[in-house]
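As a starting point, one isolated chain is supplied in structure tokens, in the form predicted alone.
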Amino acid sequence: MNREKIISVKTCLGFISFLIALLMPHIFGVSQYLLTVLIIMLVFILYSSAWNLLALSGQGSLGHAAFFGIGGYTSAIVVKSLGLPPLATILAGGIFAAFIGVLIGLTCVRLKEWFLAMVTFGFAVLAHTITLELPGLTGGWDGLPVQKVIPVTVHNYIMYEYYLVLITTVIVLFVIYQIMNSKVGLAFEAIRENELEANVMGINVMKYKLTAFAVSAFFSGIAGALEIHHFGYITPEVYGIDISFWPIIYCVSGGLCTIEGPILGTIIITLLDESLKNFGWTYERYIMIGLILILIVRFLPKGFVSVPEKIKAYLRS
């Protein structure tokens, strides 16, 4: 199957998936629990896709929760200080996260592999500490109450919130898809494959690495702002290790450096997690997810996106 046919199939599947997502509240009804799960799932699809874009450029982050949290806190503080509606401040959260992303990128863009990953992890710890040291601004351990993105006084507000997050996620995925299939995306891939050769070919490695940091941080900040305005509060737990590791889990399980990988990984792992939780599994579900990840890395190193290829290869053999 040539590239044009693959793109056509992916476009059709994406359009069908979008239609299903649009009809979901009408198929299953306006269920508070279901729509809450779907909203969080969409937020993490957005967040994981942002992390995946950074990975596309050959850079790994173990502390992306820093940008997720910075976006959330920026939006919350602007709402509280200026009295602006949440919709106007979500973008501000992304912009400030991108600004910080560029600063972090300038300090560690020359680092590679685990050295870079550890610096980003350290920055998440630093962001958490600074947040606690500014209780007058951030609320400290108690956090800050935040306006809901759609007021709860609105009839079926959860449904409108779902559609808002869905449309935002689709727009972000479209932008990321365009980046991945542009000259910028090709430059990211060249840098990931061989940074030295990319430099010899005339690719400005530092510029593109900083671009990847800025764009990834921007969309992560948007995701963080959306989440905190959904829950109606924000605490320093937003910088937690789990928030940094979930996008890695979703991308690795779904398929690294692909547009559909973070989507598939987030949906499958989230549904599995919620199902096990409903069966009464609390900590046990993490053991199960861990075992599944081991199996994926061992037998599906390219993630869930490689399943059709595996099936074809099996049928041909």
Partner chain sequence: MRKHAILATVLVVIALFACGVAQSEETEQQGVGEIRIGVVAPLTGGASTTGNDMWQSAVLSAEEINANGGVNVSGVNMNITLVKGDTETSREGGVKAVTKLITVDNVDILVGGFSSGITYADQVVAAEHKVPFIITGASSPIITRRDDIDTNYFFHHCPTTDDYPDSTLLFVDDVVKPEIYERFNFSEDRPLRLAVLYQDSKYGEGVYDGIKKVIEKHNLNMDIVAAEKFKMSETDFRTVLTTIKASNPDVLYPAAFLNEQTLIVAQGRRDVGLNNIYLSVECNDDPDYYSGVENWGEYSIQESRFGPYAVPSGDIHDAVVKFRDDFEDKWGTSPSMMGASTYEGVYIAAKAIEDAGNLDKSNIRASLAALEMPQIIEVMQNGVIAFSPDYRESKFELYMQQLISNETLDETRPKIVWPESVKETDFVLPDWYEPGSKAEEQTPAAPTPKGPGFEAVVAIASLFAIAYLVLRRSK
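Residue numbers count along the first chain shown, from 1. Keep in mind that this is a model prediction, so the values were computed, not measured. Here, rigid core means the biggest group of C-alpha atoms that superpose within 1.5 Å across both forms.
If you look for the form predicted together with the partner chain, you will not find it shown, but the lines that follow are about it.
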Based on heavy atom distances of at most 4.5 Å to the partner chain in the predicted bound form, which listed stretch, 215-223, 127-135, 83-91, 201-209, is the contact stretch? 127-135
I'd like to check something about residue 233: if you look in the predicted bound form, is any of its heavy atoms closer than or equal to 4.5 Å to a heavy atom of the partner chain? yes
So in the predicted bound form, does any heavy atom of residue 238 sit within 4.5 Å of the partner chain? yes
With the partner left out of view, is residue 142 within 4.5 angstroms of the partner chain in the predicted bound form by any non-hydrogen atom? yes
Distance check, residue 243 to the partner chain in the predicted bound form, heavy atom within 4.5 Å: yes
Those residues of 149-174 with a non-hydrogen atom no more than 4.5 Å from the partner chain in the predicted bound form are 152, 157
Taking the rigid core as the reference frame, tell me whether residue 276 has a CA displacement of 2 angstroms or more between the shown form and the other one. yes
